[in-house]
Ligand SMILES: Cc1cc2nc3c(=O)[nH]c(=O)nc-3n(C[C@H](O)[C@H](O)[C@H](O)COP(=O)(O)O)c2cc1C
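The data below hold one chain only, encoded as structure tokens and taken in the form predicted alone.
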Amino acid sequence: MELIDVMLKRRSTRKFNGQPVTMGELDRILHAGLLAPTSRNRKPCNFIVVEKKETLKELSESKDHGAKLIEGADKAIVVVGDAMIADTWIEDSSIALTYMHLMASELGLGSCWVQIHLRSKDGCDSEGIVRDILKIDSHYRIVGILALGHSDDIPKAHTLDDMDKSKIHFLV
């Protein structure tokens, strides 16, 4: 499959069927995250794999909207950027999340990026909530969580005709 095909196939999936993600599938997804480029090659990203159902449920309640799907996932990968290593932790974490999201699609898995940075739960900062759940230090910043699982409900792929080419501008 060509990269453009994987990009077209990548869709956010919010329903999972309970079939476990294998260690081989998880390794490939994590390897994709580790291969993601970072500013000045500082590599500030760490990946916390969550498999415990209780913890997945807690994470699903970490923000007001859009996280409930984590509870039904087989696994979740919390991407944390070490702000003491790089001030580009947002960009670096976002690229890693994207690489892993694409690899999940390549493998035929369902996945969904759940935004945590700049989100809240009942007026409390979602990053702080996730930090408390995972018991990690405050210099670790959290852009998002990638929910993973097998799914019977993956939306059909986009097509090249779906693109809004009016967003492309040439300076001549």
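Small disclaimer: the values here were computed from a predicted structure and weren't measured. Position 1 is the first residue in the sequence shown; the rest follow in order.
Quick note: we don't show the form predicted in complex with the ligand, though the next part is all about it.
At a distance threshold of 4.5 angstroms between non-hydrogen atoms, residue 50 is out of contact with the ligand in the model of the complex.
Within this chain, residue 66 lines the site of the ligand in the model of the complex, having a heavy atom no more than 4.5 Å away.
Although the partner is absent from this view, residue 12 contacts the ligand in the model of the complex, with a non-hydrogen atom inside 4.5 angstroms. Put simply, residue 109 is far from the ligand in the model of the complex: not one heavy atom of it is within 4.5 Å. Stretch 58 to 66 is the answer when you ask which of 22 to 30, 122 to 130, 38 to 46, 58 to 66 has residues with heavy atoms within 4.5 Å of the ligand in the model of the complex. Along 28 to 60, a non-hydrogen atom within 4.5 Å of the ligand in the model of the complex is carried by no residue at all.
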